[in-house]
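The chain below stands alone, shown as structure tokens; this is the form predicted on its own.
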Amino acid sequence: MDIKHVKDYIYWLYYQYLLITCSYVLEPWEQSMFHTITVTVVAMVLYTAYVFIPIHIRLALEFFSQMFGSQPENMVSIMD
């Protein structure tokens, strides 16, 4: 891929972002505030997902492995 095509594609994505958010109608200082808030919110969501999703996945796996996994050892000794 050519550098010019990459640059045009990035410009097109940015233009799509401006159209979807309707921020192209804002004044420059309003656009900078809007972009700052948007980037901050997205960064916080990504950080929260990075921190908490692995914990929830591990807890869910432990829960389901206890439900459907092998019986605890004390239950096996009782049944023998």
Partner chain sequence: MMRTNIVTSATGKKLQKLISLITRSGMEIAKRNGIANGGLYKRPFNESFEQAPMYVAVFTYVGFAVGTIFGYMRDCIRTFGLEKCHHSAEREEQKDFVPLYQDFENFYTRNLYTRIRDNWNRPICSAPGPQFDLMERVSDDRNMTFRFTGRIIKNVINIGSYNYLGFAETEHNAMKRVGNELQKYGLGICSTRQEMGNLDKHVELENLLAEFLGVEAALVFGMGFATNSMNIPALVGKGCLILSDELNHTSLILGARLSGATIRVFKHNNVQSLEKLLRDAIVHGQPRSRRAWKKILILVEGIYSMEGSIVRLPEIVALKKRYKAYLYLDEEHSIGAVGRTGRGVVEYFGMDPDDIDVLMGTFTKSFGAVGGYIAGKKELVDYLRSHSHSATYANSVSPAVVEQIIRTIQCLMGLDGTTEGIQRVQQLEENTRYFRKRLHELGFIIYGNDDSPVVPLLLYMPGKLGAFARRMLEKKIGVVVVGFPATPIMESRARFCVSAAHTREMLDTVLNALDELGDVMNLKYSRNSRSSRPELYDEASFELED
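Fair warning: this is a prediction, and the values are worked out from it, not measured in the lab. Positions refer to the first chain, counted from 1.
One more form of this protein, predicted together with the partner chain, exists but is not displayed; see below.
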item: Exercise: residue 28 in contact with the partner chain in the predicted bound form, heavy atom 4.5 Å; value: yes
item: Exercise: residue 63 in contact with the partner chain in the predicted bound form, heavy atom 4.5 Å; value: no
item: Interface membership of residue 12, the partner chain in the predicted bound form, 4.5 Å heavy atom rule; value: yes
item: Residue contact check: residue 67 to the partner chain in the predicted bound form, 4.5 Å heavy atom; value: no
item: Residues in 14-47 close to the partner chain in the predicted bound form, defined by a heavy atom within 4.5 Å, in order; value: 15, 16, 19, 20, 21, 22, 24, 25, 26, 27, 28, 29, 30, 33, 34
